[in-house]
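Given next, in C-alpha cells, is a single chain: the form predicted on its own.
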C-alpha cells in the first residue's frame, strides 16, 4: 500500500479562485487543494487559460506542449503553471471574454471547448505519469472520465463531484461526432438523455466514485423533486455516491482579521460588529439606527427563493427593519428590487452586480442573513454568516439542512428555519427574527456566539476527500 504522502491528485475544474470565478465551484477548487496540501497530499489544479487570466499578467511558467485530436485535426495546446495551478492554453479560451457565456447567452461552441479541455487534461495526466487520482468537477470536466476510459488508462483512480445538478451540459446529438468517443457511449445507460448529449452523465457513469457537496443533497438528488431528470441513474449508482459538506476559506472569511470590514471583532469582543453595522448602513445610504438588518448576497434567481424575499420586503419595511441586497441575475427580479427600493428608500439597500468589499460589509454588518433557497447543494454564505455573528435564516434543503441547527431543532441553535420557500413562510420567520432581536437579547446573543463557534473550515471535509482518494488508490493497486 502506497504511503499517504506519495498520493498525487490532479483536480480538474473550469474555474478556480482567484484566477477565474462565476460561483462557488471556484472557491472550492481553490480552498480544497490548499487544505489537502496542508494535510500532506500533493494536489495540483488544472483549468483553462482564459483571457481574464492572461490579463492578470501572472509570471506563468511553460510546462510543455500536448497534441489533441479535434474536429479540425490535431491541435496543439500549451501547458503553463503558476504555483500548484496548471493552465491549458488555447484560443478557444483566450480569444474571448467570459468563461461560458457572453451577454447572458452561452457560447454555442461550449461542447467543443470543454471537450478540448477534457482531452487536454487526459494528455496532461499521461505527460505527468505519476498521478494517482483525478478529481473532476461538474459537467465541464466530466468528459475527462470518458476519455480516460476510452484510452484504457486504468491505473488512475477517479472522483466526480456534482456541485449543482441543475447544470448538466446538455447538447444536440448532431454534435456527437466531434467528441471522438465510441458510438456505444451514446446510449441512455451512458451519455444519451432524451435524444440529446448529456455530458454530466459521463461523470456519473465512468468515475470510480461520485460525490456531491452535502449529505442531504446526495439523498435529495435521488428523488424526482431534486433529481433534474437524473434521479434514476443516481439511484442506480447510489453505492458509489456520497456527500461531503463544503467548508469555507477561514483565512479570507475571518472577522478577527478581515481588512475589508469597518472594524475587526471576535466572540470575546463584539464591539466591532456594531461599527460594521453602522458602516454598512452608510455604505448603502440607509438611516443609521439600531433596528434589525437582513442581508442577502448571491444570484437573484428562483433557486435562491428571491421571489419570496421580494414579496416579503414590504413586511420588512413595516416591521421597522432593513434589508440590504447584493447580487445580479433575473432582470425581472432586478427591476422589482429597484422599484421596492424606490418605494421604501429608508428600508431597502441595493447594489446590482458583485463587489467583494460590499459582500464582506454585508456579512459583518447584518444581524440576519436570508437564504430561503428552493434547493441548495451546499451553500457557503450561511457558513460565512455564522462566522461573522450574523444569524442565518434558511430553508431545510441540501447543505442548509446539514450546516444550520435552527431554533426549535436542538438545545443549541444558531439559525432560524423557513418552513418552506414561500412568501408567507419567509415573512413569518422574518417577524420571529425581529421579535427575538427586540425582546430576547439573551437568546439572540447565545445564537450568535454558538454560530461563531462552529467549525466551518476545510479541515474535516479535506480529511473526508483524502479518505475517498486513499480508498480509490488502494482499489487500483489491488486490482492490478
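Numbering follows the first chain given and starts at 1. As the structure is a computational prediction, the values presented were derived from the model and not from experiment.
The same protein has a further form, the form predicted together with a small molecule, not shown here; the description that follows concerns it.
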{"property": "Among the candidates 381, 347, 85, 168, the residue which, in the predicted complex, approaches the small molecule to within 4.5 Å (heavy atoms)", "result": "381"}
{"property": "Proximity to the small molecule in the predicted complex, single hit among 353, 271, 182, 91 (heavy atom within 4.5 Å)", "result": "353"}
{"property": "Which of 227-235, 371-379, 111-119, 197-205 lines the interface with the small molecule in the predicted complex (heavy atom within 4.5 Å)", "result": "371-379"}
{"property": "Partner contact for residue 422 in the predicted complex: the small molecule, 4.5 angstroms, heavy atom", "result": "no"}
{"property": "Partner proximity in the predicted complex: residue 78 to the small molecule, non-hydrogen atom cutoff 4.5 Å", "result": "no"}
{"property": "Residue 470: touches the small molecule in the predicted complex, heavy atom cutoff 4.5 angstroms", "result": "no"}
{"property": "Proximity of residue 316 to the small molecule in the predicted complex, heavy atoms at 4.5 Å", "result": "no"}
